[in-house]
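Have a look below at one chain only, the form predicted on its own, in structure tokens format.
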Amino acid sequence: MRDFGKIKEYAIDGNTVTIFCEKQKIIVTALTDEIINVFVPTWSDEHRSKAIEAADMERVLAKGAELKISEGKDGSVELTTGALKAVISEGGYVDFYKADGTVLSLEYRGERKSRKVLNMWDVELLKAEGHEVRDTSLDKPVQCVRIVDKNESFYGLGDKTGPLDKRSYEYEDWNSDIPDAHTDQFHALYKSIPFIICRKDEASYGLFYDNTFHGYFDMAKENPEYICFSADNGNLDYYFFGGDTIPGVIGNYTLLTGCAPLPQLWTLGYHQCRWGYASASDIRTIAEKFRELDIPCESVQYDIDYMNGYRVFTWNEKDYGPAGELFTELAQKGFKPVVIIDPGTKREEGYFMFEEGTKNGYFFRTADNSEDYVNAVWPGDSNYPDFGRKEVREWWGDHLKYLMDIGVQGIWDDMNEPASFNGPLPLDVIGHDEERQTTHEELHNVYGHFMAKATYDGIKKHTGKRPLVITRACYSGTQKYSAVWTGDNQSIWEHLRMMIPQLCNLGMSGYPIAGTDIGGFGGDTTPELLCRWIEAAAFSTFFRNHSANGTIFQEPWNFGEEVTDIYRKYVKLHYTFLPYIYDLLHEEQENGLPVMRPLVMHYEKDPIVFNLNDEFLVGEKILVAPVVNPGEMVRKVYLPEGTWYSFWTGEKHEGKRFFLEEAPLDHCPIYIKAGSVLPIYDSVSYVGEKKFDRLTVLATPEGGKMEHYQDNGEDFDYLDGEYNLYEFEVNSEGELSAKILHECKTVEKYDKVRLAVLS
């Protein structure tokens, strides 16, 4: 039980109150009416956030807060804003209420008690049988324990395994590359995003525990009375978000940590990849087959084999030909090169990255600071760039110019947990947080974050275009620099099913541009699994098929004509809805909301959707109910309240009920909400094949209204007003009218806009 003792006094400085307890001070700040920070400086007097940058905080503080501070009858200190009230009472406990007194979240006062009890004999016996036995000790140096109600559900935490609602599960924040098949019981994956959304009947709220050390989340598994965040080191530094609704909470979280920038339009298209396209001939053959079979594709990506001996920023001319030649050839057919980069830098005399990094002290150092730290990855013995330093990030980013100059248009950051072959990096390895020397214990969970930032800044500097960065490892706030995918999944039905809660929770955690490896990365997919996966993934914002060396080739034509036809159908469907996806990402700049959303995000009072794992929304207007079980040809569908129309047939359905829909192998049930108006494009083989000069406005029979955004899809000119913004309205008689809300001369307007009504 944590107890800081009695409150002795408190001091007020603007919107900050410092409460001095007998054992510890607590600093509480109202950043806005709906965002309150609680800071307990047990490790450092500074916040040292990596998720929240100066520009983020300026944006938050510009909103301001109305704050009243008073003293309760029991000696507590109360901070009341226009929306929230925080009460700090004896013991240093912090409780949160709505401004009207409605209880949101109370701190737990009792002792932590686990339902799991193991004596030493049990532990030794389990270990002898080969079982993993985790640390069962409860208290950590940093922890916050909060009471939960029976009606609370919990979302967020990025792409952790398990169902949508994280209640009754436990997780760790320690970025980890674990090759085993990821199950519900996996505690840690590649990402650490310590943000949770709590849905309760009274109102929703959020908690962001900004601590980069090894963290632990117990979501009422240890004890149904509470949830607990704890960490091995660092400060207790957390943000409480009001907002009443899940979208309101997400909006406040992304206001604080930043929204994902608008991507280039082509990056939202289809990507094909395999660890095992081992030559220019392999890449060329795959690219030509996509065009021959009329399956849209933007890139055939380059995995580690394109490098010379896995040395970063080099090119394997022996197998891939002269640098840039293949890129130029395939560019004529619309293919954009995307290449992998790992942080591990080969130790080799004469290799320019090794020489430069060693000379300038750019690598992690051993604990005694006597030499550069060495571990092994793909190139063999390797050093790890100290990405926490600005000069190292700039060095890395400047070397990206070589790749950009030969035609590369996107970078895929991998192995950046960081992964290592000779055991994990010791916690006492030395690195930096900018100029401050620290250890890997603090830096581990933000190593991928710093690498993504280096990559983003380097691409932007040397191309002037919106960077495509894809990262496997990240932390909260990395969404400002990178798209993500869920890492090395497997070709199993469980991982198809897991895709939906993973991507929905990533979206609610601030990552709107995300995807999974379609078909599964490891293992051998089947024709049925691949068909159902492409159907389920058709609205993904990072839309890539990726498989591992040693597995069967996963391109659709390897499974016959029927699979190829189904695959083509759903890739083309994705391109049809590109303008809608792009509109949602434009809106995300303002509201922080993802493209792919769980139903609970917009139907918070409907208990059926609190933990609905096999359906999702695309924005608010499209509902997708993919088949995710083998052999299933009839799909049980739940539609929430309202009226919905089948996208395929126009059939009308009243919501708030279950029904059965036939779902043969080529059919994914998709529904459009009544009153929706959606933008769609004609089919193309790739973005840039021809101008998107025609727009179809798809409406339900009732008609409705929408705003539609259009820019050049490539650079940052839109920030200076170089975009068109339309308002389209369809009345109940099926008549279309249009307004231009914002117009610029450099972005060509549509030559033709036509109306299509679902029927």
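Numbering starts at 1 and runs along the sequence shown. Since we're looking at a predicted model, the values are computed, not measured.
There is another form of the same protein, the form predicted together with alpha-D-glucopyranose; it is not shown, and what comes next is about it.
Listed residue (621, 166, 495, 546) with a non-hydrogen atom within 4.5 angstroms of alpha-D-glucopyranose in the model of the complex: The residue in contact is 546.
If you check 671, 412, 481, 209 against alpha-D-glucopyranose in the model of the complex, which one has a heavy atom within 4.5 Å?
-> That would be 412.
- prompt: Which of these stretches, 682 to 690, 658 to 666, 247 to 255, 302 to 310, has heavy atoms within 4.5 Å of alpha-D-glucopyranose in the model of the complex?
  reply: Only one stretch qualifies here: 302 to 310.
| Does at least one non-hydrogen atom of residue 488 fall within 4.5 angstroms of alpha-D-glucopyranose in the model of the complex? | Residue 488: yes, in contact with alpha-D-glucopyranose in the model of the complex.
(request) Find out whether any non-hydrogen atom of residue 340 is located within 4.5 angstroms of alpha-D-glucopyranose in the model of the complex, and reply yes or no. (result) Result yes; residue 340 sits at the interface with alpha-D-glucopyranose in the model of the complex.
*Quick one: is residue 275 in contact with alpha-D-glucopyranose in the model of the complex, heavy atoms, 4.5 Å cut-off?*
So residue 275 counts as contacting alpha-D-glucopyranose.
Residue 266 near alpha-D-glucopyranose in the model of the complex, any heavy atom under 4.5 Å?
-> Residue 266: no, not in contact with alpha-D-glucopyranose in the model of the complex.
Q.
Using a 4.5 Å cut-off on any heavy atom, which residues of 24 to 55 would contact alpha-D-glucopyranose in the model of the complex?
A. Nothing in the stretch sits within 4.5 Å of the partner.
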